[in-house]
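There is one chain below, alone, in structure tokens, taken in the form predicted on its own.
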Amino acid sequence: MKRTLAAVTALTLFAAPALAETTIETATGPVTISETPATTAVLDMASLDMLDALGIEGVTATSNTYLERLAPYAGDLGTLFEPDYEALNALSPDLIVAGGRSTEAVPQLEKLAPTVDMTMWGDDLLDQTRARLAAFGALYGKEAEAAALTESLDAEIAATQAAVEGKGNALILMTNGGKVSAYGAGGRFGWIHTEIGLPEVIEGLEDTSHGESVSFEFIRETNPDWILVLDRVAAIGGEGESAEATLDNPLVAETTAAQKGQIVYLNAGDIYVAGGGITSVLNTLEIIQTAFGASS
């Protein structure tokens, strides 16, 4: 990496220990990176989403990014679950960004290059989004861009809060072929309830990564005003019954959500694969705003 003349002079005169040294917050605590990375290998789609939004160059990702807008970053670094260590060694990146599905590989990745675990998980997801944006902004000298994106996030949250206010309760469902799981405020997508003030149709759903398995009878009995849907099969490019086909049955048709045309299909790739990424979150908020804003 290049060093500026002024910085080199300062190093000579005052014997400073490092240049462009930055300490950032990660999922495992503060990590100090000695220089701004010129080449970055990314094994986490939410992080890739943020680096893309910040306009970071020199980024290479896994062989499949699952999101069309992130496809230009696809490389030969393996999969989210199984990094290709030989390819990473050949790339010799200045930094490896892991997280989520690749977090268990971090000990092995650290043997190849400086590695940060930027996993986001839990009921304070959007606070983690803000924190990761700030960290990446500081690391790559994009503090102003990160701050602007955070301002956009806060503004869109406020607009979405206004759009859903007084419009009833909701149930978040994930379909997987013919199977259906439900998520509550304490679950993986709970920020949709807690951050924008959208009431749950029922409290106490299991807080597991793949949600609480539910029946169509459950959906009818809880009778949500709104159903928010993400299609896991579509998110991962798999084969199987679509969400629309799964929910097209007489029991779901009896719900208020179905009868009022208030079943909202979210962008599954954004929320399932790159959940917490800034563009992912903004896209999801826009879909919800549009759907709820159109109802009276």
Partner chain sequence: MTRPAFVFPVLVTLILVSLVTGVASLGEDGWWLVFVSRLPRTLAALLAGAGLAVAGVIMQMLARNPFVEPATAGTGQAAGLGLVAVTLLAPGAAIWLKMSAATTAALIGTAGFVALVRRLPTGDPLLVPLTGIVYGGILGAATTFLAYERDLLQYIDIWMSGEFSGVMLGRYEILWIGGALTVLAYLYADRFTIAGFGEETTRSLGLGYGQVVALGLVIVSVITAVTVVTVGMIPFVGLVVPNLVARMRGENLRETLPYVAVSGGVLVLACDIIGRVIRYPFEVPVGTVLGVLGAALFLWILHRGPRRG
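Here the structure is a predicted model, which means the values were calculated and not measured. Numbering follows the first chain given and starts at 1.
There is another form of this protein, the form predicted in complex with the partner chain, and it is not shown here; the text below is about that form.
Here the chain stands alone, but in the model of the complex its contact with the partner chain, taken as any heavy atom within 4.5 Å, falls in 232-240 among 52-60, 39-47, 232-240, 24-32.
None of the heavy atoms of F189 is located within 4.5 Å of the partner chain in the model of the complex. At the 4.5 Å threshold, heavy atoms of Y73 stay clear of the partner chain in the model of the complex, well away from it. Taking non-hydrogen atoms only, N249 approaches the partner chain to within 4.5 angstroms in the model of the complex. The partner chain in the model of the complex comes within 4.5 Å of no heavy atom belonging to G141. A single residue from the set M174, I196, L109, L80 has any heavy atom within 4.5 angstroms of the partner chain in the model of the complex; that residue is L80.
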